[in-house]
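Below you'll find only one chain, the form predicted on its own, shown as structure tokens.
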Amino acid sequence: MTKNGNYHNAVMETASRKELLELQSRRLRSIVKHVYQSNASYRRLLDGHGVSPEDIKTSEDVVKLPMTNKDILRESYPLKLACVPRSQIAEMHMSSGSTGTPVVMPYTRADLDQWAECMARCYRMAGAMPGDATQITPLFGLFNGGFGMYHGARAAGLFVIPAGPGNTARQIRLARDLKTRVFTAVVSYGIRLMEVLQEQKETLPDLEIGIFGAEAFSESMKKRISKGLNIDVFDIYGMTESGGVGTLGMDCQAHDGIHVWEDQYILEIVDPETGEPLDDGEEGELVFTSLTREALPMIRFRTADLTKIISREACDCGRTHLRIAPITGRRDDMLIVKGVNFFPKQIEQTLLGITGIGSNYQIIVEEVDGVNDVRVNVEAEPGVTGYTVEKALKETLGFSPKGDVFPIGHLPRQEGKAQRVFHKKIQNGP
């Protein structure tokens, strides 16, 4: 792939490494001063770590700052960590809160513009052009997906179809009638769209670009969606704490890693256990610092996402921002069964490499009298046997999991984010 000039902000997306580092240094000094002066909790955090805004001179000084994680956000629920007066908050979104107190992210109008800027870059990086029909299927609500895609699409000058989730037959009709070129969704909904199109024996000839996020996304799943929908598939990255979908970046048409918007965030890779910095090329936990957000900038936020820095060199697409590998998994999603550590994404990668295996599966972690075992249920075409699945998984995991093979369409489906891992306690004794 060569430079195609399809940028939303060419000056910033192609800035030199020297320019990016100088900008990061200026913005880091400013954001540390902002949180220190604006929020008592942040001030206590920095004081307790023995650091003040005057200690921050360059972007390399980010390591002097204390790390944060979801705990500080949950403890400050709903808005105790906000760094602007409530009167300046224009919008809010939050995490699902499925593992406890939800994480609330407030936005000023400038924060919404920042979000739109990042997402618009992602759309243009995928090849979207002003006027392209863009169908947005993530939920419009407290979850940030739908609104993030919407803000960015407007900033990029796209023709917005705010469809929201579900009703796949209607989604197909909208895409066909309005000539949708860009389709945005959670990963599992891309699979659902593909299944319904196959059932209806329909195609979407105008559809060319798919932007997917919010769930683990293995290379095998990307290839399956790309082939099934005959589109170019992109892996978008962002989270509630960074300000929403697309804020951290996405892969370009070269598909050689995820570009991280370095003018907006400083990124580090650290050892998940010690928190010590790792060299480029070493896999560890991603940590980011927000440089331009006003309402609630995160300082050295530990994401629990595992990845590595691929390159800091300019990409074939012309963008100069560093690239990271696709997320391997989450540190807190690691499963330990029979003394083996593994991630759900490894199981997905293995399953989708088996001819005839469907795209829907379940990983059921069974705790039997305090000991973990795992069951993997899959959908498959006739002829795929349990032995075939077990053999492939044993090569990956080192042990043979239990499980069953079901006909295509027999496992439950969700219109939104798919649940792949289930936990079940089994008590054998009295």
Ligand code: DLL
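The first residue of the shown sequence is 1; numbering continues from there. Treat the numbers as computed from the prediction; the structure is a model and nothing was measured.
Only in words, not in the display: the form predicted in complex with the ligand, which the text now covers.
**Message:** With the distance limit set at 4.5 angstroms and only heavy atoms considered, check whether Thr58, Lys64 and Tyr265 all reach the ligand in the predicted complex.
**Reply:** Checking in the predicted complex: none of Thr58, Lys64 and Tyr265 is within 4.5 Å of the ligand.
**Prompt:** Using 4.5 Å between non-hydrogen atoms, is Thr240 touching the ligand in the predicted complex?
**Reply:** Answer yes; at least one heavy atom of Thr240 falls within 4.5 Å of the ligand in the predicted complex.
**Prompt:** Should Asp235 be classed as touching the ligand in the predicted complex when contacts are defined as heavy atoms within 4.5 Å?
**Reply:** Output for Asp235 is yes: heavy atoms within 4.5 Å of the ligand.
**Request:** Please check if Glu294 has a heavy atom lying within 4.5 Å of any heavy atom of the ligand in the predicted complex.
**Result:** Because no heavy atom of Glu294 falls inside 4.5 Å of the ligand in the predicted complex, the answer is no.
**Prompt:** Gly145: heavy atom within 4.5 Å of the ligand in the predicted complex?
**Reply:** Answer yes; at least one heavy atom of Gly145 falls within 4.5 Å of the ligand in the predicted complex.
**Request:** With the ligand left out of view, choose which of Thr350, Ser359, Thr180, Ser95 has a non-hydrogen atom within 4.5 angstroms of it in the predicted complex.
**Result:** Here the answer is residue option Ser95.
**Request:** Name the residue from Met194, Ala214, Leu204, Ile161 that puts a heavy atom within 4.5 Å of the ligand in the predicted complex.
**Result:** Checked against the cut-off, the match is Ala214.
**Interface segment, criterion being heavy atoms within 4.5 Å of the ligand in the predicted complex, picked from 129-137, 277-285, 327-335, 77-85** = Result of the contact check: 327-335.
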